[in-house]
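Provided below as structure tokens are two forms of one protein chain, presented individually as structure 1 and structure 2.
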Structure 1
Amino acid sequence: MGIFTTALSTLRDVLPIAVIIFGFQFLVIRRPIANLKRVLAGFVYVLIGLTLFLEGLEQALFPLGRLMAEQLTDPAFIFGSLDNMTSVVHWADYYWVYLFAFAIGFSTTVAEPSLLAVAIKANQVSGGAIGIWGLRIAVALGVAIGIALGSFRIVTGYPLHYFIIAGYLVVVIQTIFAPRLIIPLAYDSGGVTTSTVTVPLVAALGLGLAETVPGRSTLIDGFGLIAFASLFPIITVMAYAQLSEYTARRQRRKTAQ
């Protein structure tokens, strides 16, 4: 039963895109699509793939992940028992939460299909210079750091925009020094990280924290984790490129000597 609802909602996602593409193709471009059968089969594969993917996540990993986020943020777990809880919490008490945020941010990003798509494309376009795994791990590290820091922010209650503006400054400074070829891809990697796998689990974590940390409101503090998860990959991807450029240069200098 559930799989049909998932299939239907995936179809609803694909439908507007298909209408726009085929509408423009037939009305404006007015040229037959090359390998039409293959392309249509491709669309069907994407549909089947996303349906199975989402249904499987919903059956296996999401319920457990959500439950886990709830249990880890539960004051009864963090303080051993509710009697030990103080009205003002110390941020360091939440170390398991930060660790979980980091690990779940990293692992969900590695499995994110849209990031995989961009990594495949970047690998093709760069002629193999950008590794699929290198890019994915750089982005996943960024998301992991972002979500851990975002959890820290919810626990401490510091204003969201201070962190984001500071992140922007880092991005702008890195842009000046990073290799030019990586810059557009780095900017893109901020937007591709947060889709099907990451958002549901991360939202559960943010909500759990904002609900249970004293003095936080779910409505104001529950938001913002996704913003962190889309900012930090920009920084780590540029750092990855800077690092590879630096080691390549050192290598060259060594061989020159």
Structure 2
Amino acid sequence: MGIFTTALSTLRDVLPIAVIIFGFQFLVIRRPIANLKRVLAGFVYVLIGLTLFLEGLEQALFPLGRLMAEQLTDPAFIFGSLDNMTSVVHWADYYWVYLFAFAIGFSTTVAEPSLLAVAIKANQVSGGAIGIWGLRIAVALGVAIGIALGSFRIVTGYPLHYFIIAGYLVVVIQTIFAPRLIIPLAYDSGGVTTSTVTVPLVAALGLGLAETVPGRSTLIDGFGLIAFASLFPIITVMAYAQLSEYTARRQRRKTAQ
């Protein structure tokens, strides 16, 4: 019954999009849709793919993220055994949590379909000036750093707004000095990370940490990781462009000499 419920939910979510597209095409533009059979077949493929994907996330990835958070914060794992357990757990004792958060943030972002679509379009529009893999890795590094730092925030209990305000101050300063070509793309790169692959695992990790770290509130501390996943890719993409510009400038100077 689960997959049929997911299919109906997916159909309900996709149907308004189809209604708007076909409505504008027939009522406003008043032209027939080219390759109508192909378009309809594409919608069917989208429904099937999204249904299977969402069901897979619900059955596997979401529980797995929560399970990993529970296991990595288990005192028996942190101290090796319960006999070695101390009364006070230091934030540095959770280093495996930070490493896992970094790795899962990087890997899920590289696999993000929306990021791949944006990278391909950016490469085409820029005439190859923006590399597909360069952009994907820059965004993935930003998400990885953001998720690791967000996990550190949950463990320590520091207020979320301190990190977000400081991060956006860095973004504002970078915007002044970064190449104009990359600024809009960098801001968009922060949005494409909050999509179908990244969000379920990141949310599961945050909630799992908040439930298992002593003294943390699931509602207050469990959420907020997705904000880190949206913020830090903006920083890393602009940093990538600034570093590329600096390297190219140095190369031109060496050639001129």
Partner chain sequence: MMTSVLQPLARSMMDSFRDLLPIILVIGFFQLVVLQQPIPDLFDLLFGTLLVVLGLTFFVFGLEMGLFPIGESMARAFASKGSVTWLLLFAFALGFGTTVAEPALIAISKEAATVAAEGGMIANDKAVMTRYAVNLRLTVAVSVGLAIVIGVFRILKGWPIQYFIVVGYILVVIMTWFAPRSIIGIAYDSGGVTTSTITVPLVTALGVGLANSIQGRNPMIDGFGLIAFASLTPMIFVMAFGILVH
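Predicted model only: the values in this text are computed from it and were never measured. Just so we're on the same page, rigid core means the largest C-alpha set that superposes within 1.5 Å between forms. For residue numbers, the reference is structure 1: its sequence is counted from 1.
Participant: Mark the structure, either 1 or 2, that is the form predicted together with its partner chain.
Facilitator: The form predicted together with its partner chain is shown as structure 1.
Participant: Would you say whether residue 47 is displaced between the two structures, judging by a C-alpha shift of 2 Å or more on the superposed rigid core?
Facilitator: True for residue 47: a C-alpha shift of 2 Å or more.
Participant: Aligning on the core only, does the CA of residue 247 end up 2 angstroms or more away between the two structures?
Facilitator: For residue 247, whose C-alpha is compared between the two structures after core superposition, the shift is less than 2 Å.
Participant: Could you check whether the CA atom of residue 62 moves 2 Å or more between the two structures, using the rigid core for the fit?
Facilitator: It does, since the residue 62 C-alpha is displaced 2 Å or more between the two structures after the core fit.
Participant: Cα of residue 33: shift between the two structures in Å, core-fitted?
Facilitator: Its C-alpha position differs by 3.4 Å.
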